[in-house]
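There is one chain below, alone, in structure tokens, taken in the form predicted alone.
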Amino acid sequence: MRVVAYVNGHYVDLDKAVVPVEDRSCQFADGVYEVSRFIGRRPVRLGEHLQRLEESCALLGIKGAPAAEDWRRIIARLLDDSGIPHDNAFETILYQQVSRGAAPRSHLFPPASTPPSCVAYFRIKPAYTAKQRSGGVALISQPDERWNRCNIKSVCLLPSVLAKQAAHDAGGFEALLVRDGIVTEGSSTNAFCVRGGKILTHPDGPRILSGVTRGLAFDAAALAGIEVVLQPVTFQEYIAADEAFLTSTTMNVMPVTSVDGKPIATGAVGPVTSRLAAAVDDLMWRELRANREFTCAGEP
């Protein structure tokens, strides 16, 4: 696979892709991003990802970014130039970023005429092991030190990076973020637990990013007859749950079997998690089969 990047109207090899030093994403983290999954040349819920990117831009007042149909034309060209095949065994992630643009450094917004800076490219999707799927993963709790507008998919990710690195250094797969005693989400995932056969997860709002795969899990749970309850869950309730799991674009459902070195319930993947994981995969593939592939540039 050739990695080609779209940068402000140009398509270049990734190692030649650059943005100006005074791009506001570099100096102020003044930008937003999106990550979506492609299986072959079929996207998973791309419409929802493009809508969330548009909403993130709107919430930060970033104007002039490509509209959804413009992004689809850009994506089609990237698929072609990157040589991504019509092959369901070939999985990639699409990264998109929009900043407020490049302008002389100032804490104030640049003039309204400043065009946004737009970047996009494909990478091979991260792989997860059969052992992780069957045995679950370990979480390490970390304080949620992010800003108070986590519903915006901002490029201001340093608190999440530090939390994930701390979890990794302690032998964990992911950081479980806790604010004021309440589990919010993972550093790059949404977090769930199961109590009494019901799935519990933090309500939408500024404390979490409402993931696209989280929405897929809600839809799959409804089809499978599994109740989902949106309510704050304390850290003590989470570690005392019957089951736990994560969701994200790259992994769908990932079982969690320990937190801070202590098992969740029996330390085995639970039946509700297994049932939901199968339901999510089934719904995703049904939607993929119903979607037309991206074919040639300009024709999604």
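One-based numbering along the sequence shown. These numbers were taken from a predicted model, which means no experiment stands behind them.
From this point on, the text means the form predicted in complex with N-(5'-phosphopyridoxyl)-D-alanine, which you will not see here.
Q: Is it the case in the model of the complex that 142, 179 and 259 each bring at least one heavy atom within 4.5 Å of N-(5'-phosphopyridoxyl)-D-alanine?
A: Heavy-atom distance to N-(5'-phosphopyridoxyl)-D-alanine in the model of the complex: none of the three under 4.5 Å.
Q: Select from the listed residues 78, 193, 98, 209 the one whose heavy atoms reach within 4.5 Å of N-(5'-phosphopyridoxyl)-D-alanine in the model of the complex.
A: None of the others qualify; the residue that does is 209.
Q: Taking N-(5'-phosphopyridoxyl)-D-alanine as it sits in the model of the complex, is residue 33 near enough to touch it, meaning that at least one heavy atom pair lies within 4.5 angstroms?
A: It does: once N-(5'-phosphopyridoxyl)-D-alanine is placed as it appears in the model of the complex, residue 33 has a heavy atom within 4.5 Å of it.
Q: According to a 4.5 angstroms non-hydrogen atom cut-off, is residue 273 in contact with N-(5'-phosphopyridoxyl)-D-alanine in the model of the complex?
A: Judged by the heavy-atom cut-off of 4.5 Å, residue 273 is well away from N-(5'-phosphopyridoxyl)-D-alanine in the model of the complex.
Q: Quick one: does residue 41 come within 4.5 Å of N-(5'-phosphopyridoxyl)-D-alanine in the model of the complex, counting heavy atoms only?
A: Close contact is absent here: in the model of the complex, residue 41 is far from N-(5'-phosphopyridoxyl)-D-alanine, nothing within 4.5 Å, heavy atoms only.
Q: Whether residue 116 contacts N-(5'-phosphopyridoxyl)-D-alanine in the model of the complex should be assessed with a 4.5 Å heavy atom distance threshold; does it?
A: Result no; residue 116 lies far from N-(5'-phosphopyridoxyl)-D-alanine in the model of the complex.
Q: So which stretch, 227-235, 62-70, 49-57, 24-32, is the one near N-(5'-phosphopyridoxyl)-D-alanine in the model of the complex (non-hydrogen atoms, 4.5 Å)?
A: That would be stretch 49-57.
Q: For 238-254: residues with a non-hydrogen atom within 4.5 angstroms of N-(5'-phosphopyridoxyl)-D-alanine in the model of the complex?
A: Counting only heavy atoms within 4.5 Å of N-(5'-phosphopyridoxyl)-D-alanine in the model of the complex, the contacting residues of 238-254 are 247, 248, 249.
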